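We begin with a single chain expressed as structure tokens, specifically the form predicted on its own.
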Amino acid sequence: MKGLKLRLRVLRRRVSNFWRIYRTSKLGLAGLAIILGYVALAVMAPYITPYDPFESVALPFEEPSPQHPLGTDHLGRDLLSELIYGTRVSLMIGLTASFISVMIGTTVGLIAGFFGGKVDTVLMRLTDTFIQMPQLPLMLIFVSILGKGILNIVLAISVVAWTASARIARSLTLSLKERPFVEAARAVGAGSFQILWRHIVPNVFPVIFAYANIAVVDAILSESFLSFIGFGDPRTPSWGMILYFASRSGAMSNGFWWFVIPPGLMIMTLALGFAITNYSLDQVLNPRLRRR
């Protein structure tokens, strides 16, 4: 019990110190505000959408008006309601796919870097094989095999996007395992997995956490691309699917700009929020950058 309280106290102190440094970055606060704004939009979606996003409520391709601030789509559905609900889908896919891919990559990198030898050789050759393959065509192959749908898109992104986190985790582990505190842990009889879990992972986590922000951006953009070319679930209103229907219905060629620009802006601003948050995290977690 005392050990748990001590760990919670240390964790609370670290979080407090992190926030004290992070909040000095105006750019970081702006990125965090964007992300939290979209999270709030996703959580409150059932309560703030003016219409059911799955029902036709007006004529197709109506221009923005007081009744429909962002107009309607090709089926007469309210685009504002679709975009708000689409926030939930795009965020869920981005966070889930990035979490899975970062977990896979970090696990591979930790094992390869810590144990070395043949284990390192096999795992890194596998990683290099995936790196050499172009990601988008590889995702298309996986989705074509698995079939259309949100879950299959998450799996395809996760299977393809883990290589960068694997290389980062491996390089950090190779450096950390030679440090004196690891040698001290071995001297007192700590086993390999105990050293890996209690001494290596806590030191690798901050850098991986910073990288995960970029992984979320990549996952959101990948989902939008896959949905845009027709591999999404047409029954689920994601931003990528809205752009897919806009393309299929000839929205841009017919001047229906409200069908294209709002989802594109939402994808861009959410990606920007994660990108500038990642930049600020790098400054917080890297002492050399923090001094500049």
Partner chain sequence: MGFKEYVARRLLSSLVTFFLIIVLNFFIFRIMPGDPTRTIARDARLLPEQRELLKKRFGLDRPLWDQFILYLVNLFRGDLGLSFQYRGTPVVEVILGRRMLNTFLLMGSSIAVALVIGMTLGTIAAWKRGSKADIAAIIFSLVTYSIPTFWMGMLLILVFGYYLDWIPISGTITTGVEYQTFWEYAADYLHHMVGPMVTLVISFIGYHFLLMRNSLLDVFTEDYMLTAIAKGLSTRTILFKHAMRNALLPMISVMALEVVYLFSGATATETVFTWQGLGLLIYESVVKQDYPVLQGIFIFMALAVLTANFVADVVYALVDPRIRYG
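Just so it is clear, the model here is predicted, and its values are computed rather than measured. Positions refer to the first chain, counted from 1.
Below, we refer to the form predicted in complex with its partner chain, which is not included among the displayed structures.
Hey, in the predicted bound form, is G264 touching its partner chain, heavy atoms inside 4.5 Å? Flag for G264 set to yes.
I'd like to know if K118 sits close to its partner chain in the predicted bound form, meaning any non-hydrogen atom pair within 4.5 angstroms. Because no heavy atom of K118 falls inside 4.5 Å of its partner chain in the predicted bound form, the answer is no.
Does any heavy atom of W257 come within 4.5 Å of a heavy atom of its partner chain in the predicted bound form? W257: yes, in contact with its partner chain in the predicted bound form.
Classify S253 as contacting or not contacting its partner chain in the predicted bound form by the rule of any non-hydrogen atom within 4.5 angstroms, answering yes or no. Contact check for S253: yes, within 4.5 Å of its partner chain in the predicted bound form.
Its partner chain in the predicted bound form: contacted by all of L136, D218 and F225, heavy atom 4.5 Å: Checking in the predicted bound form: L136, D218 and F225 are all within 4.5 Å of its partner chain.
Proximity to its partner chain in the predicted bound form, single hit among I111, L140, M92, M103 (heavy atom within 4.5 Å): None of the others qualify; the residue that does is L140.
Sort through I214, L83, V154, I168 and report the residue having a heavy atom within 4.5 Å of its partner chain in the predicted bound form. Contact residue from the list: I214.
Please name which of the stretches 29 to 37, 65 to 73, 226 to 234, 44 to 52 has residues with heavy atoms lying within 4.5 Å of its partner chain in the predicted bound form. Looking at the partner contacts, the answer comes out as 226 to 234.
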